[in-house]
Structures are given as structure tokens and as C-alpha cells.
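Single chain ahead, by itself, as C-alpha cells, in the form predicted alone.
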């Protein structure tokens, strides 16, 4: 009888990394702050050293960074990407209630249930936005190859922070994915602000808003649920020529689980029209060109397919003996990336 013993050293080991954490010494907030950085697969491909990428800024990074990187990796996979490859920046909290609330309140002017959610300082959105713009944006844009297309994702307090940003700092981000936002905050201050300024220019932003289903509308959650419903009614009944808006309620999800489903749908919403069946190029040689021209028009931003994606398509048609289609895609690629 023979026994073979295996030890950990018997196998080659390689770490699986989804990102790295960095510390920013913030002068704005007067503290050390951590951010998490995920880079897409194609970023380190030496064949494409100049390729740039959109950036997702993810609030509550410590809770959401791990799974969101998997979503983006899966949805952006070739040869049928639904979204572009993107850089993800997870913003890690130190004092969440301070940074992720729009106005200063005291427990005296809140209900008992609402007051229980207030811990320490609050109302620091303005300073937090200055930190993001002056320090985090600067760090990311200096150290990575970024496109000037930014998405902000926020949940709960992070959700009302995102809505505050869209209303008062509209130029900072191009699209917003907002989950079950705490619109109850400060007697629905953000709802009041949107009501008074509902016809302002949102500069062609996109907003994807989610909340839990009716089964969660109970007990201490009534105020939270109802305030979001009021916000959706306001946004849905007022024309917004400069805002593309979508609302979804997810029955069966609770306040903690809703970002999982919402981020999947939200990313698809932001990049609606991005996915194509590249095999149709065989009968429609203008498919890529037309798709990205239409996408750019709809998003009010000049998007184009990456070189790596185009090379993937070219290789497919060459491998399958369709040199004519491969040559047409090569010609299109050269029109976008010629030296």
C-alpha cells in the first residue's frame, strides 16, 4: 500500500488580486483616508499602453468593493461586453454619518426612529465633495489612465449624498446609481430642494434609482419607504429634458441586499445600447460605427470601442476566413486609433 502526501509547497501558488488599497493624507478632512483601486484586465496589457477608461466612484467601498469588481469584470468581458472596462475607486469611510449626510441636524428635530440613526457629527457633504474633487480625483487622474466619464454609486446615506451631488455639484459626475436613499433625512430636505429646483439643468446626466418593495414598507421603515416614493413621483411626473431617469422597486430585497441587484441593473442602464452582436458585422459593416455614434449621442460623451475589443473582433473574422469583414473592422480601428 502506497500513500502519497501532498503539502502546500507541492503546488505553485499565485495570489488572486482584485485591487489595492491606498492612503491619502487628506488636507480637506484633516485625516488619513483609504481608497480602493480596481483596474480592468486590459489595463496592464502592454499592447495597449494608451488605452483610457471610465471611472466608477463607489461610496461605502468597504462594503461594496469586492462584489462590484466582479460585476464589472463579468459585464465587460469580450467578445460581448454590456459595459466598457472601467476603473473602480472604492471610497472607504471613517466617519460615515458626518460625510454622507447633506445638512446638519440635531436629534431634537427628528422622530425617535430617525434620531436613533444619528451618531455624532453630520451634514458634511460639502466638505466630502471637496475631498473627492480636489484630492481623490486628482490622485486617480494623475496615477491612472482615465477618461473624463465618472459614475457615482451610493446606498442609503450614500444614496442621498449622490442625489445631493447631482443637484448641487452636477459637473462632478456623468451618471448616478442610487439605492434606497435616506431621503427622510432632515425632514426630507433633499425632496424639498428637488421640488423647488426640479426644472434646473441636469446637463444630460443619468440617474438610476432603486428601492425595496412594498413588503418592506412597515414599522420604522415607513418614513424611509414613503420618502423615496415621493421622490420618484416628483421625478416621474416632471419633464426632464436634461436628465435620463429610471426607477425600480425590487420586491423580495431588503435595505442591505438591494445594491446587489441594483448595481447590476444600474450599470446596464447607464450603458444601454453598448452591447452588440459583433457577428452581425458580416452583413452590416457599419454596425460598430453606428452603434458607438448612437451611444455617444445618447450619453453626450464620445465613447469608442477599445483597441483590444476591436482586435478581438478582427481576430475572430480572420480565424474564420472572413478577411473582408476583418479588413473593414481594421479600417474602422485605424480611423479611431491611427498615430
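Residue numbers count along the first chain shown, from 1. Remember, predicted model here, so these are calculated numbers, not experimental data.
Not on display, but discussed next: the form predicted in complex with another copy of the chain.
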Non-hydrogen atom within 4.5 angstroms of another copy of the chain in the model of the complex for each of 123, 126 and 182: no
Another copy of the chain in the model of the complex: contacting segment from 258 to 266, 190 to 198, 234 to 242, 170 to 178, heavy atom within 4.5 Å: 258 to 266
Contact label in the model of the complex: residue 323 to another copy of the chain, heavy atom within 4.5 Å: no
4.5 Å heavy atom contact, residue 301 to another copy of the chain in the model of the complex: no
Non-hydrogen atom contact residue 13 with another copy of the chain in the model of the complex at 4.5 angstroms: yes
Distance check, residue 17 to another copy of the chain in the model of the complex, heavy atom within 4.5 Å: yes
Residue (of 289, 308, 275, 297) lying close to another copy of the chain in the model of the complex, criterion heavy atoms within 4.5 Å: 275
Option touching another copy of the chain, based on a heavy atom within 4.5 Å in the model of the complex, out of 26, 66, 285, 312: 66
Residues within 4.5 Å of another copy of the chain in the model of the complex, restricted to 25 to 58 and counted by heavy atom: 36
